[in-house]
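So this first bit is one chain, no partners, the form predicted alone, shown in structure tokens.
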Amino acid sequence: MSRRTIDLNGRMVAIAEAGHGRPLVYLHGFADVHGVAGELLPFHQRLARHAKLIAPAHPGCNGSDEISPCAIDDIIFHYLELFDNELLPRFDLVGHCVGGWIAAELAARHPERVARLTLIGACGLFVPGEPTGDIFMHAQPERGTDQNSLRALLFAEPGGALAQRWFPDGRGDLAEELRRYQMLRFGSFMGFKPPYFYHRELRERLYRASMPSLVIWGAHDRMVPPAHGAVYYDALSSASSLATLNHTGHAAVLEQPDRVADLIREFHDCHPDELADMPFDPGVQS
């Protein structure tokens, strides 16, 4: 893995990279690289076996400067400038959580730039009766130290070792706590007003994302309910596929890193370019 910081029109952007080959841009979420982890995780390293993984930190996160204003339109322009600066006219795009929302917006607004799209537990939609979880409320420790409420929002097993590792009770690693705070601050600029993390116009624009698309969701996602994955699947083009992972919550890239990375790899193998029509139907995964 390499890490570098670039000057993008006067603002610094931190980028983690690994691998070689076809460019794959990865946009992170809360329980993720840049959102809590300082380095690429096993999931990202597995993706980088078959592609050049490019993972920028969102504005204000893990070494990237904040931007102001920082609504979804501003973030889209920020990333378009980044892609231009990095000479990325066309690339594969993977997004998790709020990174999935940004990825979906980019794919709908600029489909010519995205060869293949993968959304993992993506925010961005308003689904009646299925609200996105209030991560801002759950991020406040109960009794000052207990983070079980936040872990339950993000993980299928909130009491498990994995959830405890990344979102421990009490005071954790200072650098990780700072990244969690920065990611929450970035999220508050995007979607602090309930219902959280959505753009009402996005659903009607998704038909423009005509590239092959893969939607991956945890069956026990309490942050972004699985109903959102079904809506993404229905609203994207006929080239989309939906994979539901059993025993998995919102933090799918932490909970099932190998399976999620392998699904993306299989999807890419089935769709070597935007015109490929080979079937890919992963269904429900264990």
Partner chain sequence: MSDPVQIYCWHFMSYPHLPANFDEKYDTGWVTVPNSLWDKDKSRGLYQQYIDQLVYADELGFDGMVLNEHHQNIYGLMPSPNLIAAALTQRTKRGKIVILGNLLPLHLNPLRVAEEYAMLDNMSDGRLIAGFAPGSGPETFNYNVPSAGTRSQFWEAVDFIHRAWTQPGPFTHEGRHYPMRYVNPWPQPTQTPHPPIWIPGSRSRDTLVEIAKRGYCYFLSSRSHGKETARSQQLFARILEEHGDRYKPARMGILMSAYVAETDAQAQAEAKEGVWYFLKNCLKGHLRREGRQLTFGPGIPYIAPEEFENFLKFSDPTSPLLGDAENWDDLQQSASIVVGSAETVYRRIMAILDNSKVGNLLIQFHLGNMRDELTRKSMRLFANEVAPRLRQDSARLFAREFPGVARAAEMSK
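Everything quoted here is computed from the prediction, not taken from an experiment. Numbering follows the first chain given and starts at 1.
One more form of this protein, predicted in complex with the partner chain, exists but is not displayed; see below.
- The contact residue chosen from Asp134, Glu204, Asp84, Asp73 relative to the partner chain in the predicted complex is Asp134, the criterion being a non-hydrogen atom within 4.5 angstroms.
- Three-residue candidate spot His110, Pro128 and Arg222; no residue lies within 4.5 angstroms of the partner chain in the predicted complex by any non-hydrogen atom.
- Contact check for Pro69: a non-hydrogen atom falls within 4.5 Å of the partner chain in the predicted complex.
- The closest heavy atom approach of Arg200 to the partner chain in the predicted complex falls outside 4.5 Å.
- Using a 4.5 angstroms threshold between heavy atoms, Pro141 counts as touching the partner chain in the predicted complex.
- Using a 4.5 angstroms limit between non-hydrogen atoms, Ser149 touches the partner chain in the predicted complex.
- Residues within 4.5 angstroms of the partner chain in the predicted complex, judged by any non-hydrogen atom, belong to 175-183 and to none of the other stretches in 211-219, 175-183, 153-161, 96-104.
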